[in-house]
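First, one chain by itself in structure tokens, the form predicted alone.
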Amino acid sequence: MKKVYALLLVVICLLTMSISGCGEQTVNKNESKLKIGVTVYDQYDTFMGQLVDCFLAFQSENVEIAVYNAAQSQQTQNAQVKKMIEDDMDIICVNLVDRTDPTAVIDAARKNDVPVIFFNRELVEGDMGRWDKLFYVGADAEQSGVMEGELAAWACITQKEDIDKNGDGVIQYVVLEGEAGHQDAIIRTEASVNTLKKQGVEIDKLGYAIANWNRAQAQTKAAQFIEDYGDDIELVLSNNDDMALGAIDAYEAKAVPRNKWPAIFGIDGTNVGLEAVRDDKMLGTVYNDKEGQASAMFELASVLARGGSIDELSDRYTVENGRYIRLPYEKVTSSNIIKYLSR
């Protein structure tokens, strides 16, 4: 009987040690390095490149961040997501190539129980509802369009003689839009134009072109506008700074005197965009808070990795529907440019 008791005691001790060992492993796992995978639609997009740089600033001994460039291919991005899952990333941050085609990303993440933070390119609302571990960090596209329209209206009203060069009381304008069918591009254009009208500025659209957020493409499109309309162009509304800079490049390449340029406006507040405002080549831009978005993404990733809730961040960010964090835009002109150049 004593042998039986002794055997039982040994078994109990072994079980206790085993349980303790599992506990230690759990603690070690919780204290292990946070691994975050990031894939962007095109890392050569100026704004995206700067946002990723801000996010990479959070990398440390305890935080590993792997960044992938999908190079505008949804198929490539789907493969990158699978690779990140295979590499045991705790969280995946996705800047979708095609915001209407997230199925492969969502299915892979859900199958492996890896939370996804979509950023900068917002999913269709129905897709966000397909799983409770899908989140979004970005901004409100309509707000950026409204602010661009307000900046343009302010300039047209306060600098009417300079902008309305033909003196007909109507501002002739052209639009440089991002991708065809892209939600943010459409909303930015509509909001900026509608805001101009609401502000009482009479406008007449001369031309419209898709330039895919790209500076070189925008230069080509703007050069054609100059050929077609010449000095009649009084205002250029661009969906982002890179395309606004493309318009500037076109005017400089054609050696058009600065006093004959139209008023040019952009969105995003990239470093080169801010410099153009400083140099009085662009009258204004709308600052897209890349630093704030990067911080929100990192804080959310950290919370989710330990099983927490997005609501834990509600004291610092506006959390919508338990899924969304949106950072506000800000208007930038020559009057406050120094504040943004120093960020």
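Numbers follow the displayed sequence, beginning with 1. Predicted, not measured: the structure shown is a model, and the values here were computed from it.
One more form of this protein exists, namely the form predicted in complex with a small molecule; it is left out here, but the text below deals with it.
Chemist: Mark residue 120 yes when one of its heavy atoms lies within 4.5 Å of a heavy atom of the small molecule in the predicted bound form, and no otherwise.
Modeler: Because a heavy atom of residue 120 falls inside 4.5 Å of the small molecule in the predicted bound form, the answer is yes.
Chemist: Is residue 296 a contact residue for the small molecule in the predicted bound form, using a 4.5 Å heavy atom cut-off?
Modeler: Because no heavy atom of residue 296 falls inside 4.5 Å of the small molecule in the predicted bound form, the answer is no.
Chemist: Report whether the minimum heavy atom distance between residue 148 and the small molecule in the predicted bound form is within 4.5 Å.
Modeler: No, no contact at 4.5 Å.
Chemist: Should residue 182 be classed as touching the small molecule in the predicted bound form when contacts are defined as heavy atoms within 4.5 Å?
Modeler: Heavy-atom contact with the small molecule at 4.5 Å: present for residue 182.
Chemist: Could you tell me which stretch in 307-315, 40-48, 271-279, 65-73 has residues with non-hydrogen atoms within 4.5 Å of the small molecule in the predicted bound form?
Modeler: Of the options, only 40-48 has residues within 4.5 Å of the partner.
Chemist: Using heavy atoms only and a 4.5 Å cut-off, decide whether all three of 189, 265 and 285 touch the small molecule in the predicted bound form.
Modeler: Negative, none of the three is within 4.5 Å.
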